[in-house]
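Quick setup: one chain, the form predicted alone, written in structure tokens, and binding and motion questions come after.
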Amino acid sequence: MEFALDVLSYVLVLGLVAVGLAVIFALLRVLNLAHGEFLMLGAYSVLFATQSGIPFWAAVVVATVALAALGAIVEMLLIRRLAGRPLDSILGTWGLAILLRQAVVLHFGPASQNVDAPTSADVVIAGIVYPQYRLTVMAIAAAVLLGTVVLFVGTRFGLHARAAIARPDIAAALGVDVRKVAARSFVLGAALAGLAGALISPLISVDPNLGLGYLVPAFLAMLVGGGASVFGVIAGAGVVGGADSVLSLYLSSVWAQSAVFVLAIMLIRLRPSGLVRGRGERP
């Protein structure tokens, strides 16, 4: 039971990161290699805010808003000029990732640091004692993922976004401001990564390389699930995160990650369009 809850916690957080990455890639055709650094900055924002005397949950809100603002700046200065140019976007966002990591090292130092959880209370579930904060993280992540699904499935913005993903030229001809939709989606993706980093900051050691451990699994989740569907990305996060957690019980971390890569390649080969195909997606 405890292991199942740990797996679910990891999958939900990975889902936040992967959905943000997929939204950016689907609309802008930009593979954001700095997405992991957005998560890392979310964790450091909480660290800085709590050290400054701001309550933890207020710090989580501050971190999410700060990363949304950073996302708006990055989109305006960099991403907008790289949209539709995959190779240039890889090089540009890779350079941005290096810049952000080095900026954190200069300000906070290279050593790992810790953030205190807002509560150390435990909850008894089916005879298992489990940390209350982990359950809170799971609840928030699930609620945010559900809200993201509703945003893309049940709102006008979501309709425009899905149209821009499926047929950007036709969407533009019908009056959809594709550039504005893409910019807002990039801000949303950055905010989701920042929120994920803020939530997990008390659960892990916060260091400048924190984001690297989430970027690759999030990318695999996007490919396995299908980047044009929010449901697909969440399903991909479940497959990748679940497989990684289970295999890590029996194999070393290197072999477990290698096995996850092989599984992902097999699934991509069998289902090139992903586990779930987005509505309106090109065949």
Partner chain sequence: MNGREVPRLLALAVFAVLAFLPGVAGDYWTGQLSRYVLYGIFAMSLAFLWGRAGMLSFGHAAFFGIGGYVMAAVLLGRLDVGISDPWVALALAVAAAAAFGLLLGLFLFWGGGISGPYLALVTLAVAVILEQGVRGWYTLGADNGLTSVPPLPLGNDPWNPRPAFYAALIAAAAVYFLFDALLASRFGAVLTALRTNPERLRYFGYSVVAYRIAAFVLGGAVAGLAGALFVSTDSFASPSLIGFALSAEVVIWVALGGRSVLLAAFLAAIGVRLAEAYLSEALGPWWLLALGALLMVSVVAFPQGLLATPLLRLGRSLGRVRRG
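Computed from a predicted model, the values in this text were never measured in an experiment. Residue numbers count along the first chain shown, from 1.
Form predicted together with its partner chain: not shown, discussed below.
Q: Look up in the predicted bound form whether Pro202 has a non-hydrogen atom within 4.5 angstroms of its partner chain, and give yes or no.
A: No, Pro202 is distant from the partner.
Q: According to a 4.5 angstroms non-hydrogen atom cut-off, is Pro86 in contact with its partner chain in the predicted bound form?
A: Judged by the heavy-atom cut-off of 4.5 Å, Pro86 is in contact with its partner chain in the predicted bound form.
Q: With a cut-off of 4.5 Å between heavy atoms, is Gly95 one of the residues that contacts its partner chain in the predicted bound form?
A: Judged by the heavy-atom cut-off of 4.5 Å, Gly95 is in contact with its partner chain in the predicted bound form.
Q: Indicate whether its partner chain has at least one heavy atom within 4.5 Å of a heavy atom of Leu82 in the predicted bound form.
A: Looking in the predicted bound form, residue contacts with its partner chain include Leu82, since a heavy atom lies within 4.5 Å.
Q: Partner absent here, but in the predicted bound form, which of 252-260, 232-240, 65-73, 47-55 has residues with a heavy atom within 4.5 Å of its partner chain?
A: Result of the contact check: 252-260.
Q: Is its partner chain in the predicted bound form close enough to Ile90, Leu106 and Leu223 that every residue in that trio has a heavy atom within 4.5 angstroms of it?
A: Yes: each residue has a heavy atom within 4.5 Å of the partner.
Q: Could you tell me which one of Leu212, Ala117, Ile128, Leu135 places a heavy atom within 4.5 Å of its partner chain in the predicted bound form?
A: Looking at Leu212, Ala117, Ile128, Leu135 one by one, just Leu212 meets the 4.5 Å heavy-atom criterion.
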